[in-house]
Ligand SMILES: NC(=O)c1ccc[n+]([C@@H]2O[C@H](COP(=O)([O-])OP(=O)(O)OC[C@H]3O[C@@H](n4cnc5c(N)ncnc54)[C@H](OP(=O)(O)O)[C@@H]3O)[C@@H](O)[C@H]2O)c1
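What follows is one chain in structure tokens, specifically the form predicted alone.
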């Protein structure tokens, strides 16, 4: 019997790659989308590849939308999915002084509270069956914070903490919880964030340009690398607590072992933030 996996934010980037990968490897995939148009495109792409997946409309920032989506999923799966991949996410980049409270709130609403909503809704069914998997899409940015990505890192740091707590609370329930921690990945999320990293009249304008050059200096891997990590977490008899993906994930873990002063110096030097600015 196929195991059902729900993937949020499944119509582009990592979510799309994961949905297509899991469908190709025998999972019953339910992919969430914010519009019927996006849902139709994903279904058609899967069909072109000879795979089948279902879609459900979902806005993770809307509690009623989450409730309705999970109710529909419960009906399709006779009691809820075997696994949930919390992938939906957004980035509002910029220096602390350049990101508005509205934009900061939007990041936390999607990347943290949306994850919590969906997880809370699927857990009762998993507990009742005595098994299940929760996969949280974190980031290397959830391990170390870099300039101009503070609110994204804030949400991912919080997600790491919340997931550690959840994993420990679910010990003995049969529900396994894992974090995926990708570095920079070639997705519309990343390219869009880089394009928006240019607020007008910002004191950080020159540093923003340097940050873009640093990020684009090396070709990042595609989202398929992250999709494979998700599949490993779902197919492992005993999944790991964390799956790092890519160069930045390795460097982020290493940086946590280095004195903070040295990390500050390296980052500020690379972006030329050490000079005094008004």
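Given the structure is predicted, the values throughout are model-derived calculations rather than measurements. Numbering follows the first chain given and starts at 1.
Missing here is the form predicted together with this ligand; even so, the following discussion is about that form.
The partner is absent here; in the model of the complex, the one residue of 99, 189, 146, 112 having a heavy atom within 4.5 Å of this ligand is 189. 88 is the sole member of 83, 88, 197, 175 with a non-hydrogen atom lying within 4.5 angstroms of this ligand in the model of the complex. Here the chain stands alone, but in the model of the complex its contact with this ligand, taken as any heavy atom within 4.5 Å, falls in 57-65 among 228-236, 57-65, 205-213, 22-30. Put simply, residue 185 is close to this ligand in the model of the complex: some heavy atom of it is within 4.5 Å. Mapping the unseen interface onto this chain, residue 133 falls outside it, with no heavy atom inside 4.5 Å of this ligand in the model of the complex. Looking at residue 151, you'd find every heavy atom of it more than 4.5 angstroms from this ligand in the model of the complex. By the criterion of a heavy atom within 4.5 Å, residue 51 is excluded from the residues contacting this ligand in the model of the complex.
Heavy atoms closer than or equal to 4.5 Å to this ligand in the model of the complex belong, across 132-157, to the residues 137, 138, 139, 152, 156, ordered by sequence position.
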